[in-house]
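Okay, so here's just one chain, in structure tokens, the form predicted alone.
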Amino acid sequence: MTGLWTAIRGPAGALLAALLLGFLVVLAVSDDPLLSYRQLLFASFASGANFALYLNRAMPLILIGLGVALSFRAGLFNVGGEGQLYAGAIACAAVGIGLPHLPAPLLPLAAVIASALAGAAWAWWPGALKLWLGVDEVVTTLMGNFVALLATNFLVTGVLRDPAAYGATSRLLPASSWLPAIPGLPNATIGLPVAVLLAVLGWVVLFRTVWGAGLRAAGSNLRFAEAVGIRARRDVLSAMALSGALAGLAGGLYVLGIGHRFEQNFSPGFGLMALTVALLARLHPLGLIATSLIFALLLNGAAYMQIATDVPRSLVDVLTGLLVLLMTVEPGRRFRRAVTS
């Protein structure tokens, strides 16, 4: 576990520093900063319903973050998690609505597979354009987010729209497709245990298999990996598709377990947050479980903080920006270079 400790040691310091600086911000804008921070950090544990919502918010962060880690390890910068999340969610809803008579075991399975395939397809083409034509994958995945959001908006306000509901939402999925709850937490679905299991499996694949070693070699130096006999381009493209599949799966699990329908604005920005989660964990699959739980805690607590105090929930955006800044500054390394020069 030395690699895990190395991965989280620096980010843990950055997180503590960001929370301290964030408290100074709260101190400047709030009449009761201690209450604000108490709501931010501990309100998620105040009741079973709060805790269930916290766990549900952590699930997409883990899955999308794992996809980001895989693609980054392969040398491709997939910043299209939000679009892939929406592609998976709309595909899941379409299957659930279109095949309502499938028996209970098959309907959720078909919907989950559809969500993963939709996310994989939405990530595959930017990877293919990068490897075959040299098109920058940051641009294509970022633009893919906008296309996915607009396309899903068209579908949910058209053929999938529930005429009896207010707003851009699809029709309710059959109850036979809904995910079961975690025992003892009726409002929390099994999506989180699935996400944690996949993160552990991702660690095994990346660091304990030949394919993972080849993928990391390809991400470090594609030409060298090909020169030593690794089918680097195929592996990198597979990793990109797998990255999208994980984001699409997050959308599918959200629809089946939480909303039970596709809602146009169901994501508070999970794709961008998961990018920060993965970077904070230094692209380590086990580390991002912890960072996802921390970000979900802040995201969930921000809503209760805004209700109980006068501090807006946008404080989480401030903390996120501080985290990114502190992770990139690396003052210790700069100090060592200054001393030795």
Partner chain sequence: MTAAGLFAGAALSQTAPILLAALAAMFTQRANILNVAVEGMMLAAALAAIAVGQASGSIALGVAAALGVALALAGLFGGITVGLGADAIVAGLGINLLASGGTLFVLEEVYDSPGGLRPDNFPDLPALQGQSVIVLASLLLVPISAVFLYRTPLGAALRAAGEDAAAARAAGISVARMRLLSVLLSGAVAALGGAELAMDKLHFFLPAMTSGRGFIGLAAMLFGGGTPWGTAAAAFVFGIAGAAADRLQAWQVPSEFVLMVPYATAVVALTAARLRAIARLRPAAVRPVRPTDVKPLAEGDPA
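Every value quoted in this text rests on a predicted model; they were computed, and no experiment measured them. Residue numbers count along the first chain shown, from 1.
Keep in mind that the form predicted together with its partner chain is not shown, yet the notes after this line are about it.
The partner is absent here, but in the predicted bound form a heavy atom of Thr140, alone among Thr189, Ser267, Thr140, Thr169, sits within 4.5 Å of its partner chain.
With the partner omitted here, the residue from Phe207, Trp211, Trp178, Trp125 that has a non-hydrogen atom within 4.5 angstroms of its partner chain in the predicted bound form is Trp125. Across the options 60-68, 285-293, 272-280, 42-50, residues that bring heavy atoms within 4.5 Å of its partner chain in the predicted bound form belong to 272-280. Although the partner is absent here, Arg313 is a contact residue: one of its heavy atoms lies within 4.5 angstroms of its partner chain in the predicted bound form. Proximity of Leu117 to its partner chain in the predicted bound form falls outside the 4.5 Å heavy atom cutoff.
Among heavy atoms of Phe154, some come within 4.5 Å of its partner chain in the predicted bound form. Although the partner is absent here, Phe146 is a contact residue: one of its heavy atoms lies within 4.5 angstroms of its partner chain in the predicted bound form. Counting a residue when any of its non-hydrogen atoms is within 4.5 Å of its partner chain in the predicted bound form, the hits in 72-96 run Phe77, Val79.
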